[in-house]
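Shown next as structure tokens: one chain only, the form predicted on its own.
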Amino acid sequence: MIEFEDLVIKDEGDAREYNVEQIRDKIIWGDALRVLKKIPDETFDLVFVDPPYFLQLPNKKLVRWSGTIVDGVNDEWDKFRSFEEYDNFTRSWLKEVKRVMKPKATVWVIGTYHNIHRVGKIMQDMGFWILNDVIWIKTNPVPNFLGVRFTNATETLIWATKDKKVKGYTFNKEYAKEFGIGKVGANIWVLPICGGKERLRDKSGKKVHSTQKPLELLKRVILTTTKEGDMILDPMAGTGTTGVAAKALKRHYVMIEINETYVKAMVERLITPIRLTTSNFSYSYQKRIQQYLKLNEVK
């Protein structure tokens, strides 16, 4: 039986450097900026980063029309004193991510309108070459209950190489066609936010992590841009969706996370075998997507 200690390395001050064999298929419990510095150059084939979005939410309860409280993002890890502080944080982790990427590796960064444009600008300033953005359209977004803005129903994923000269990176176009809308594999993914049995909750029914990503999203990232046996890094792993998907799809992973509650949840997920199909949703679900986008109305 796999135990907590079998999967988790607690980052201690005396560890100066980790070797690849030591961290393969492990969770490193520690601060991402400190841990990344201890990982050798050119270790990973893919990096997926789900950084804080710096949502800048007001310090007050958000109430639905029905009177219930919106369970939004109000975590300490999403709070920064200024855009300057957030940008410096972003440069710090991007610098280390770039260093630990193999020459032909790619990196994905996900965000919302609050942060993704800042992250993209910083990436370009640092020499990253953006290959695509992918728009995740959520079929079940949280409505804007006050009716003063559009409902935010998308997130943006930036996909990039270390620099413009990189050739030979992995791109599995057949999967891109499978997951994107239309016959050409367009850069639009339509799927629901994490919910139901997949959404992790504590004993009181509260979400374990406020921004847990759906397995379907990470499945698409991994299948389109890696090969079996590749090494995948998620330096801000949360509850470990990247690692769970990587394991199920026969890839190796390294997860870094500082929050003990998230680490424990990640362990529980990783010791529980799951099966992920490599195909898209069923035909009935695809039909619902077509109806959602009203593509069937296009003549």
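When you see a residue number, it is the position in the sequence shown, counting from 1. On a predicted model such as this, the values are computed, not experimentally measured, just so you know.
Omitted from view is the form predicted together with the DNA, to which the following refers.
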Touches the DNA in the predicted complex: Q124 (any heavy atom, 4.5 Å): yes
Distance check, F89 to the DNA in the predicted complex, heavy atom within 4.5 Å: no
Contact label in the predicted complex: K227 to the DNA, heavy atom within 4.5 Å: no
Distance check, K183 to the DNA in the predicted complex, heavy atom within 4.5 Å: yes
Contact check for K247, K250 and K264 against the DNA in the predicted complex, heavy atom at 4.5 Å: no
Neighbours of the DNA in the predicted complex among 124 to 140 [non-hydrogen atom within 4.5 angstroms]: Q124, W129, I130
